[in-house]
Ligand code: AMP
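Next up: just one chain, as structure tokens, the form predicted alone.
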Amino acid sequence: MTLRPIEEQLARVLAAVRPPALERVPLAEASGRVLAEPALARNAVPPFDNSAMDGFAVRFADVADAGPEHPVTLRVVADVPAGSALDPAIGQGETARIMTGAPVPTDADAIVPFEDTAGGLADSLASAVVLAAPRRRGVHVRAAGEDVAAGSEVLPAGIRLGARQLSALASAGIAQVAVARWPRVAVVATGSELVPPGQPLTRGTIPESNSLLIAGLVAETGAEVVLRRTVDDSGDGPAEAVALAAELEADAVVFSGGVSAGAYEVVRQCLGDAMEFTKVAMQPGKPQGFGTTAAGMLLFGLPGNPVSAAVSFEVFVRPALLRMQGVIESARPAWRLPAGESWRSAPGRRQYLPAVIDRSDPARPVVRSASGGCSGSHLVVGLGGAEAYVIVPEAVTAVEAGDLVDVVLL
């Protein structure tokens, strides 16, 4: 049996992703959104030369030789607080008292902090006795545009906006930004054995957890869940869910279960005309389904076992949802760590093992299975403790304790 390479399946998925729809929003509503075009500064940052210290704006030539043995006394001719529009003239032997953030007078070219004067703030309104010379011209002066010039790029397209990014945009005078519209996603779990969590279990039934798992993973990408439901293994539930998702203007539907080779694979049976079902060279997650509707809505068919569903989402659905938002770089942080135990991997399939990082020895962390040495695709409780996936290449069939392995942080 020939298995499709992961990269080939992912390429098929990403080729079907349409460019993101754009909208303009004020900064206060932009947190978590992805910038759709480069943001250009409307003003320089800083917008004017300003003081980095509380002290005195001076002419460097007047105080270049100042020291404890040779104090220099200057006459205070103005007081410039932050927010002031004053630009007082400063002649030879004169100074202006200035506060942090205030515009530096045109005639001044250095700042002497209060700490370098005899009287400090307490004796600063009439004269300043300078006890330490600035090292050079421009000391403690924040030059206009030293962070960014007006018209220059503040942030590139494709970056997700958080607190630090929004602050940078605001400082550059930007009030609105073009961002990608949130992708809208429907999540459908399949299985006649599924009952709501907490409901009494009868023989053959299990609590339904996949829709919560996938909806949470969808939300982590920045997408919006517009529908979450469970359907039986008989009837037209998947097709009905697709129709409802279309009414809700969803961009994608993510199914779990019903995509393998069994007798009751309801997604395959209902949507075989719209989706392609294949086997991919990965463990877990070998059975995969993917397709699009005539309107371009993406249809993902993931295996039903929870670990398989989570890994399949990570490998195929997450990159697609990020691409829908215009995210340029979707790779997660990766380490290379020694394995803390031994395990086996299926030949010819890339393994994704839910893992924890053992930091008992801070100088030499190791990685272990999140399920106590097991790698079953049904071990959802172990998945709950995972903080990473260990990725084992297709050609490797056994990992020994101490072997270096690739670790992708979740």
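The numbering used is simple: start at 1 and walk along the sequence shown. For clarity, every value in this text was computed on a predicted model and none was experimentally measured.
Absent from the display: the form predicted together with ligand AMP. The rest refers to it.
*Asks:* Tell me which stretch of 111-119, 184-192, 140-148, 82-90 has a heavy atom within 4.5 angstroms of ligand AMP in the model of the complex.
*Replies:* Heavy-atom contact with the partner occurs in 184-192.
*Asks:* From the list Pro134, Pro105, Gly340, Pro306, which entry has a heavy atom within 4.5 Å of ligand AMP in the model of the complex?
*Replies:* It is Pro306.
*Asks:* Which of Ile206, Leu244, Met99, Val77 has a heavy atom within 4.5 Å of ligand AMP in the model of the complex?
*Replies:* Of the listed residues, the single hit is Ile206.
*Asks:* If we define contact as a non-hydrogen atom of the residue within 4.5 angstroms of the partner, is Gly285 a contact of ligand AMP in the model of the complex?
*Replies:* Answer no; every heavy atom of Gly285 is more than 4.5 Å from ligand AMP in the model of the complex.
*Asks:* If you check in the model of the complex, is Ser256 within 4.5 Å of ligand AMP, heavy atoms only?
*Replies:* Yes, contact at 4.5 Å.
*Asks:* Quick one: does Ser312 come within 4.5 Å of ligand AMP in the model of the complex, counting heavy atoms only?
*Replies:* Close contact is absent here: in the model of the complex, Ser312 is far from ligand AMP, nothing within 4.5 Å, heavy atoms only.
*Asks:* Does any heavy atom of Ser260 come within 4.5 Å of a heavy atom of ligand AMP in the model of the complex?
*Replies:* So Ser260 counts as contacting ligand AMP.
*Asks:* Given a 4.5 Å distance limit between heavy atoms, list every residue of 309-334 close to ligand AMP in the model of the complex, or none if there are none.
*Replies:* None of them.
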